[in-house]
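Take a look at this one chain, the form predicted on its own, written out in structure tokens.
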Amino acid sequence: MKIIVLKFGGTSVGTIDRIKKVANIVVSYKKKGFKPIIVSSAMSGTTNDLIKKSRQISNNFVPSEYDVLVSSGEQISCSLIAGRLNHLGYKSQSWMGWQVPILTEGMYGFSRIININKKKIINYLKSGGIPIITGFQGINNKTRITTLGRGGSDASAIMCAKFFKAQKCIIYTDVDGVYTTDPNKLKEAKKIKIISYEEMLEMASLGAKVMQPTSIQDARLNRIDIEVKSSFIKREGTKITKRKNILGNKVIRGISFTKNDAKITLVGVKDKPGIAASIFEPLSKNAINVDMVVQNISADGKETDLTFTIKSDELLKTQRLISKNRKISFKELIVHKDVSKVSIIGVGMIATPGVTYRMFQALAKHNINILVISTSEIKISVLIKKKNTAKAISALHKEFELDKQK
């Protein structure tokens, strides 16, 4: 069968008029001879409203009930899409994750799909039906509804593409592809026609909100090509694929940035084995993600200053955990909230010398001071003052000629 998976994000199904447009897109693939499997998010704003309701009920809402609650938004959008397709004369039915079933494991709110029972959906496709499957959810071995984390409908679509051996997986959203940087921040930003899994994973992890990072990782592990397109404009999108499929001479593919980082420095920490683990253990247990880490050791080797970054909304919680941590001692805790992380990303930097110098020189020319640096094989990130973010993005975009992206 010529199966195609089409995933529609919250903005794509955000209104009745948009759902009608989604139905027309689905019909266009049906007319081309495809067997479409549709995965839908909740209508935009619905999940946030459900989360707000849970917080009004309790500050410690039971995780299993939380998943039941927040997964209900997808049920509405899927039913509306199926209803519209039936109105247009096509056989269609909504499917909840537990009806397929989509099997998951892991914590409530952060589960992962481990298997999809294909039999019912395959039989429905063979009968000419168009299944509309709820994204973001599944069922665990206790027959309880689970969710996959915010943006988890991407993961649902990618795993459907894997288990149903789809020829294509297309993610429809409110943007017409992946850009060299946020076009709302820099008007010279250019759409990227093709990007590697690794580059897209770094961009998503560093602030680009086109796709959920774990979903890109799933696509990479299963070698599923993805196309990101707009549901509002008929225009070529961005293809996400393995790096050997990419031809081009761009050293840097894109620039990402964050808006909500905070920097914490512990001054005068006793330098001994295990001290870093003692600092970060309670943060890990409380699901606080630590990002950039820098350690400066004193001349006598007895003390160290440890700097790291977290999301600013975790700042008070982090400060509280550090102050209660009896395993560590330090002279001073310094916090900077008005910081931003700016990163250049590209598989081309692996074999290209001088990229680091060019980045630092471009920032220096604009009097932008670097507070913290971190690197990986295909990424260089710097922490700077938030007020310099737009200036840094513009300088780096020009330095690496991303306005000439092809």
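Residue indices: 1-based, along the sequence shown. Owing to the predicted nature of the structure, the values given are computational and were not obtained by experimental measurement.
Not on display, but discussed next: the form predicted in complex with aspartic acid.
Heavy atoms within 4.5 Å of aspartic acid in the predicted complex are found in one stretch of 54-62, 40-48, 367-375, 334-342, which is 40-48. Exactly one listed residue, out of Pro282, Gly129, Gly237, Gly151, brings a non-hydrogen atom to within 4.5 Å of aspartic acid in the predicted complex: Gly151. Along 103-138, a single residue, Phe136, places a heavy atom within 4.5 Å of aspartic acid in the predicted complex.
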